[in-house]
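Given next are two forms of a protein chain, the same chain in both, each as structure tokens and marked structure 1 or structure 2.
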Structure 1
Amino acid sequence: MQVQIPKKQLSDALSSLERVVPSRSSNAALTQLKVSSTERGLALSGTNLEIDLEILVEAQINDGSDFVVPAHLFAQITKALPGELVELHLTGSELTVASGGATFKLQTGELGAYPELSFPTHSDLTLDAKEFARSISSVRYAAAAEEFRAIFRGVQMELSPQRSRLVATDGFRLAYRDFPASSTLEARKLVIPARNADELIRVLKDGEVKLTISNGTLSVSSDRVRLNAKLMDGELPDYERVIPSSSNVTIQLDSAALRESVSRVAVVADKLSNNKVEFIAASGKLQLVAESDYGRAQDVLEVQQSGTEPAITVGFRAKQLIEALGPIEGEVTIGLGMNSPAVFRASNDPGYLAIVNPLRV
């Protein structure tokens, strides 16, 4: 086999695969990468049994064949090559990687020991890749890092004939984003493990992406990338009932300015007080206050204020505020309640909603 392939494209593909393929495993075959010759170029694939990933790279192939090589070493070698074009040459079980005067010789692995990866050939749904990735990343922060209930460590995707929604919650806060993709499938909910959701965000770039749901697996495929992600069993508990339908005070202001102000006063907040930042809304002003043994910080922002009460004081964890505001560009509308969670909406984008529980005083 003899292959000529542009270094940059090969190197980019290997970077994506390096994140999926484990560098160590009790099953040594999993640390390998499979390289297959196809009519459209070289197909590079790897798996950690949670995610299967295949990336296609255009190449000039003579006398194509398939082989497996140690994934991380092959990636490092490729990055270190001096030239712009890489030549691969397979002789027996030895792979020669040559470029710009440098030559590497690698032992290939046992092709038969490599797990069979299969990607679906039909699709259930077509989405805009960028919009889908943006929706996942808007809610991903609200998933639990560690939680007694595993389901909270996932991102739920809801498909229905009317709309699609991504939602995540750790039981204390919540974020969802709706997007207008309609599905011909019957209404259903699937929960993607957060780690797999992160990989989806990274892999989805431009153009269209086709989704297939089958057998506990979400498969996505675009022109150059195919990915299978294992799903979790079960679904999130009914979260709609915890979204407050009304608030005592509603304020509207620039999201970025509020995020900066929270970060600023949070400097003096400490763990003893749960890194608490207090919102004091009154007379068209939002005062932010944080306090600890070390000192006291205060900042004031102008807001548009409405509601049934003239004033309100509520405390939040600084980090939860910053994360809830993160996906909101432009103005944010915040509904504050005396005894209820705060609701964050993007003023110009009805699709996004976040809920943050206040700290007890």
Structure 2
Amino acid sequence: MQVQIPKKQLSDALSSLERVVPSRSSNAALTQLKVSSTERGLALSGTNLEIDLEILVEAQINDGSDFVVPAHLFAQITKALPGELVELHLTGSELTVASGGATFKLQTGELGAYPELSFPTHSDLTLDAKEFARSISSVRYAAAAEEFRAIFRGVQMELSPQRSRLVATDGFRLAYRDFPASSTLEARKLVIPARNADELIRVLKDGEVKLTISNGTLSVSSDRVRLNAKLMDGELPDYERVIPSSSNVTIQLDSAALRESVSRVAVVADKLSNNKVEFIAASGKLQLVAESDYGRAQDVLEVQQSGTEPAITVGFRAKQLIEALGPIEGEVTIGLGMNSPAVFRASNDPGYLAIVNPLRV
């Protein structure tokens, strides 16, 4: 087998697979990468038994064949190559990798020992890949990080003829985003482990993506990528009941200006008191205050203000504020309550909502 392939495309594909394929495993076959010849180029695939990933890379192939190689070593070699074009030459069980003046020789693994990966040939619905990735990314930050948090470590996808939504919560904050999808499936909820959601965000690019749901697995397919992601058992508790229906004070302002202001005053926030930043809303102005034993910072922003109270003071964790504001472009509308979570809405995007629990002031 002889192959010529652009180094950048090969390296990009291997970088994605490196995050999936384990560098060490009691099953040595799982540390391998399978390379298959197709009419469209090379199909590179790997698995950790939670995620199966296959990426197609355009290549010029003469006398194609399939083989397996150590995934991480192959990726490191490719990154180190000096040229822009990579040549692969398979002779028996030896793979020659050459580019520029550099040449490497790798021993291939046992092809028969590699686990057979299977991807669906049908789809349940079709989405815009970029919009789907953007929707997952908009809520992923709100998922819990701790292993013991079980179902809260996932991103829930809700599909029905009326609404399609992605939602995540760690019990202290919540984010959801409605996204366009014409589903003819019966209403269902499925929870994608946050780490699997991260891979979806990374590999979904332009064009359309097809989704298939079966046997506890979400399968995603595009022109260049196929991915199977294991799903979690169960579903999130009824999160809508914790979203306040009204607020004492509502403010509206530019989201980028607010993010910058929070980041600015948080420099002196006390790390031992949750990196707290106070919001003091009154008379059409929002004052942000942070302090610690080392100093005090404040910033004032002009806002549009309404509500049943003339003024309100609420404290938040700076990091949670910045993450809730991250997906919002343009203006943000924030509902503040005396003893209730703050509600963040994108003024120009009604599909996104985030809630953040306040700290004691």
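One-based numbering along structure 1's sequence throughout. The term rigid core refers to the most C-alpha atoms you can superpose between the two forms while keeping them within 1.5 Å. These figures come from a predicted structure and were not determined experimentally.
Trainee: Given the two isolated forms of this chain, which one is the form predicted alone?
Mentor: Pick structure 2; the other is not the form predicted alone.
Trainee: Kindly check if the Cα atom of Ser214 is displaced 2 angstroms or more between structure 1 and structure 2 relative to the superposed rigid core.
Mentor: No, shifts by less than 2 Å.
Trainee: Compare the position of the CA of Gly326 between structure 1 and structure 2 after a rigid core fit and state whether the shift reaches 2 Å.
Mentor: It does not reach a 2 Å shift.
Trainee: Hey, does Ser99 budge by 2 Å or more at the Cα between structure 1 and structure 2 once the core is superposed?
Mentor: Ser99 C-alpha, core-superposed: shift of 2 Å or more.
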